[in-house]
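Okay, so here's just one chain, in structure tokens, the form predicted alone.
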Amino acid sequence: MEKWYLMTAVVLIGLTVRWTVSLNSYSGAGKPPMFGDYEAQRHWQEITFNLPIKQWYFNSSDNNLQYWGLDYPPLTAYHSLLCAYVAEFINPDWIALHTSRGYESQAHKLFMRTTVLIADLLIYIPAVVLYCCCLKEISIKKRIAKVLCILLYPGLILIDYGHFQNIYNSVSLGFALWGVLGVCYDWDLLGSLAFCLAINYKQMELYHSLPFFCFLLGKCFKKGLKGKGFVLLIKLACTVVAAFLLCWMPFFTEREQTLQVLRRLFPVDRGLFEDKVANVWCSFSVFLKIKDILPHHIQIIISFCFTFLSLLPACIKLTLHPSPKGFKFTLVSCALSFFLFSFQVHEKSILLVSLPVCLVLSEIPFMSTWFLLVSTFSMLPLLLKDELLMPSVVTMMAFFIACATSFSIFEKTSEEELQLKSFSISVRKYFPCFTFLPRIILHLFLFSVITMVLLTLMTVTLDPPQRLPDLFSVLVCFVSCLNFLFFWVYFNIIIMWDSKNGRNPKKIN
């Protein structure tokens, strides 16, 4: 019983932090004519409520796609419609066609923030609590501590409750987490259904799709494709097809409807990257202007090849040796590959990598905490633009203190604790003096933290040179990208050198 008192207290702390951050500014506040992501979400409610479903994704006099046109899958549109019915009941002016553009008031801000909190309470937070409660290999206190740390992760809080992302990340990430729970529990059909809902809410959940596919395919192989494995494969295929049919049914009536939705979901004409994002293409464009040198279609091919090749080894390993542990680490590796190398990446997409990193927080607390701090720092230009410096600093400090005290992260830097023992033993066969890896990682951590602190101070206190107005933003992206490349190598080493994945896996029970 005491456990549930503590768990309730932890959830209340998470909710309190969220609501406190929501009292601050948001994207595009008082900045016409486009305002920001907050206005995008309000506008989608206006469009879905006032226009027939067949017009939601098409350009018209009532639906100017250049003004925050709907560019997310059907479940997002349905959610916007549901919120619109509530908004219309409270104040019809909030979603009046045309006249509500740029609508801002304290009452409306309260309504919009509340919709995020409700979505969190219904989907994301229950998934986090259940996932941590099912981790039998750690103590009850550690499970509760893990819930606290995940709920205090500053990146998701600052984007959903501060910036106000133009789609509720907690919904798509929550569905994905329910999917992880399902497939790790051997509730494969329910897990597949949950993940299909995640993809149909936010197309960027495709970052997680290959690990789900490979893990489930590996299970089918293990059961035998001439027996139970084949039956499972058919059931999974039927579940996925049924889920997509239900979500897309209104848009399957005409071929042009379906194609238009797909064009809106995958706008390849926008280019290799937008704004300042801490991936390879944006960070290294300082040295090589790929967008200017190569034709558009060549950029797409190159990004596809880099992405595919970077995630292929981990996916093959997972297919051949499916295990819950390997699945979670492959989720991290594949999502990070997509973020670093794929086409049309946004800075907020790092949240898709952060979710699976949160899942392995108790297994590699030092590296997970480090990554989650860097992931939040990588969005610094966006957060400063929305006047969220103070909430960013406070939430990052609170998260770091929670992780450091709950998991004693600085005591978890040995080869074994970093899950690098197998790799180190392999290297020592050729270089017997290779015993300094933990010390190198600790020094890299200190250098990384100092760099992040200095860059934050410089960005806030100094004016960039007139010839280089984006200097600090570019430095933030470049430093973050170097960190992410290091983490990509690290997580792939864990995956490829973990011989236990296929033999004696620790399952969630």
Partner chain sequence: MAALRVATGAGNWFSALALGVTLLKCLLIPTYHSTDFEVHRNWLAITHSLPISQWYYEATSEWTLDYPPFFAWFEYALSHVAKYFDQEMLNVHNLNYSSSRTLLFQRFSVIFTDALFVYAVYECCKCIEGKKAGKELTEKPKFILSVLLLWNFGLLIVDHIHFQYNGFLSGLMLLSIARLFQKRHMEGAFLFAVLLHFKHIYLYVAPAYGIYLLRSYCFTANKPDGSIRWNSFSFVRLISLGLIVFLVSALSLGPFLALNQLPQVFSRLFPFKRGLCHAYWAPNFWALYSALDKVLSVIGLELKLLDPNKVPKASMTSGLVQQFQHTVLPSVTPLATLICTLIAILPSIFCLWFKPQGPRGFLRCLILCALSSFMFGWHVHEKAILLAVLPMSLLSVGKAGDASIFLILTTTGHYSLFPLLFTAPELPIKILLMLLFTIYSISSLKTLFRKEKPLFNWMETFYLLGLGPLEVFCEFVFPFTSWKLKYPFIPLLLTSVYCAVGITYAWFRLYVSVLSDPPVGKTKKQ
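Quick caveat: nothing in here was measured; it's all calculated off a predicted structure. Numbering follows the first chain given and starts at 1.
Below, we turn to the form predicted in complex with its partner chain, even though it does not appear here.
The shortest heavy atom separation between residue 444 and its partner chain in the model of the complex exceeds 4.5 Å. Residue contact check for residue 9: one or more of its heavy atoms lie within 4.5 Å of its partner chain in the model of the complex.
Contact between residue 391 and its partner chain in the model of the complex is found at the 4.5 Å heavy atom cutoff. Looking at residue 494, you'd find every heavy atom of it more than 4.5 angstroms from its partner chain in the model of the complex.
Shown without its partner, this chain lists 298, 427, 397, 96 as candidates; in the model of the complex, only 397 has a non-hydrogen atom within 4.5 angstroms of its partner chain. With the partner omitted here, the residue from 435, 253, 105, 408 that has a non-hydrogen atom within 4.5 angstroms of its partner chain in the model of the complex is 408. Screening 323-331, 281-289, 216-224, 398-406 for residues having heavy atoms within 4.5 Å of its partner chain in the model of the complex returns a single hit, 398-406. Residues 16, 17, 19, 20, 21, 23, 24 of 16-43 are found to place at least one heavy atom within 4.5 Å of its partner chain in the model of the complex.
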